[in-house]
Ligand SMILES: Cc1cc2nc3c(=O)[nH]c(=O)nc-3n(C[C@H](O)[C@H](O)[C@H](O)COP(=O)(O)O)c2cc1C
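One chain comes next, on its own, written as structure tokens: the form predicted alone.
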């Protein structure tokens, strides 16, 4: 089974361990990614808080940001010790904060440095795949010229998996938010990279809003990666296993997902985790369903309370179930 056939993108402030546990309840086979963590944060921060995760999240990849090969190698080694299944290097984030630290999308201009980083990480964690998530180019670069060179250079350092966000990143003139939407998508270039480098695993990212959007690309790509669409409407992931992996196990209902989440959520709250750290990720579960507005409102208004326990989730679920029953009786 191709482990990269379907992935959920690393998203800052979103794909934390609470979100990943919830998403795993929707699909057994998709690949999950952490938020980007800088190498320095891993080296000098609270490692348990930053890197800890539940075994149920596997397969899960650690995404690192940085440009110092030695620091990245040490951070990767630490991540491997926590049990991650992959180390991914961020060469795609366009934020000002990332540029000032000389990592993220600005590294598209320095393929030799990226290659040194990949080589150092690979030697530090030889048992793990070391992968790269990149853009097709930055600013005034010509993607048709620089992307093949970038891939070839980094491949020769030992990277066999490239996740391509099929947009340019404009580091001058566009905000990070604008960089997610304004630069036009160039799926055909990503497709050509797979054709030009058939031995590599090439995954497509960017602008995919549903499984129907994603599936046609699997005719020529090894995998697809969804980001914001999967976060805002997470239940679309319930069909991943059957539609992309041929799994015959029926997908869980939305109610079943919450019922399976509750024991873990109770355990987390009992350990001092504020309830809203969990509920903020499940707000979109009932999107498009009767009672969805009541679900969102109840969680938003009550989960932040200092004494909030999992009864808040149960009560919110009752709003949805009652709405369904009322609709059925109408």
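Positions refer to the first chain, counted from 1. Quick caveat, the model's predicted, so the values are computed rather than measured.
What comes next is about the form predicted together with this ligand, which does not appear here.
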**Request:** Look at the candidate spot formed by 22, 57 and 260 and say whether this ligand comes within 4.5 Å of a heavy atom in all three of them in the predicted bound form.
**Result:** no
**Message:** My question is simply whether residue 12 lines the interface with this ligand in the predicted bound form - judged by any non-hydrogen atom within 4.5 Å.
**Reply:** yes
**Message:** I'd like to know whether residue 39 contacts this ligand in the predicted bound form, with contact meaning heavy atoms within 4.5 angstroms.
**Reply:** no
**Prompt:** For residue 226, is any heavy atom within 4.5 Å of this ligand in the predicted bound form, or not?
**Reply:** yes
**Asked** Does at least one non-hydrogen atom of residue 35 fall within 4.5 angstroms of this ligand in the predicted bound form?
**Response** yes
**Prompt:** Okay, which stretch from 73-81, 246-254, 188-196, 218-226 lines this ligand in the predicted bound form, with non-hydrogen atoms inside 4.5 Å?
**Reply:** 218-226
**Complete:** Contact with this ligand in the predicted bound form, heavy atom within 4.5 Å, among 90, 122, 95, 201 goes to 90
**Prompt:** Which listed residue (111, 129, 207, 143) meets the criterion of a heavy atom within 4.5 Å of this ligand in the predicted bound form?
**Reply:** 207
**Fill in**
In sequence order, the residues of 164-188 that place a heavy atom within 4.5 Å of this ligand in the predicted bound form are 165, 180
